[in-house]
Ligand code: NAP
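Only one chain is shown below, in structure tokens, and it's the form predicted alone.
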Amino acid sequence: MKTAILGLGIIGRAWAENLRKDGMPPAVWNRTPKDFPGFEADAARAVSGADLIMVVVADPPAVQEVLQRIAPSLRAGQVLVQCSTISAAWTRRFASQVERTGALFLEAPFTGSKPAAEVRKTVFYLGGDIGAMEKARPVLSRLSQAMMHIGPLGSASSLKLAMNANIAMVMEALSESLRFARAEGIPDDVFFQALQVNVSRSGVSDLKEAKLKAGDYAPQFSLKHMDKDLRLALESAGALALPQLQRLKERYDEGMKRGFGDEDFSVLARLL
């Protein structure tokens, strides 16, 4: 199956490298040139021979730019898999644009940051036509540990925003409790040993323990991307009462003002 990956950020590069290892080298494109085998300077040319097109970029405006670039090359028989984290409203808008070309559209936001993508532990949340999902399975199954069909178009995007809101709030709780323990003279090793056998242990604490101990904020998932996801979640929620999420978004706004955007989202611990 011929694949094109549009977006060579942290995740797109990891996926492309894994497909290369499998003997399925994808055509790849990025808005800024990247040194990567199969890199194509023109997005429309990158997708022209592809059966499956994966879009993994930063936000709705970036997705819109990609679709505008590749629209002339989209055709019946192709499946466009939109993996960027966006809202349900944007998903339905983009699906309409793609389907007018005759290509199929599958929403496939995912969970799993850089370490998970590298070892094929991504989990895809899929929304839309089951047939499109099955056509994408030969590639997506190579990049993931699970594929969950959530429901109609938009449902997977909403679930992804809900999951990231949960992760962001768990990360803040972890940072604040660690800050309190440190202020009381409790060593980090003792804190995390206790957390290992506490009911509040989480995947977030396992993943971020080493980074918090070392003050290492090299990005696995950047603050600016989580900030965008929280903004989209709150926009989608409208008048729905989400008081903790609304307060946490203010913390993210402060982190962005401080210039932390390109660092891992755990960098918000520095604000404490």
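Residue numbers here begin at 1 and follow the sequence given. Since we're looking at a predicted model, the values are computed, not measured.
Another form, the form predicted in complex with this ligand, is not on view; read the next lines as being about it.
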Tell me, yes or no, whether Ser205 is in contact with this ligand in the predicted bound form, where a contact means a heavy atom of each within 4.5 Å.
-> no
Contact between His149 and this ligand in the predicted bound form at 4.5 Å, heavy atoms?
-> no
Does this ligand get within 4.5 angstroms of any non-hydrogen atom of Asp42 in the predicted bound form?
-> no
Is Lys114 close to this ligand in the predicted bound form, meaning a heavy atom pair under 4.5 Å apart or at it?
-> yes
Just one of 233-241, 45-53, 32-40, 209-217 has heavy atoms within 4.5 Å of this ligand in the predicted bound form; which?
-> 32-40
Heavy atom within 4.5 Å of this ligand in the predicted bound form: which of Ser73, Ser144, Gln78, Thr85 fits that? Just give me the one.
-> Thr85
Taking this ligand as it sits in the predicted bound form, which residues of 205-231 have a non-hydrogen atom within 4.5 Å of it? Please list them.
-> Gln220, Phe221, Lys224, His225, Lys228, Asp229
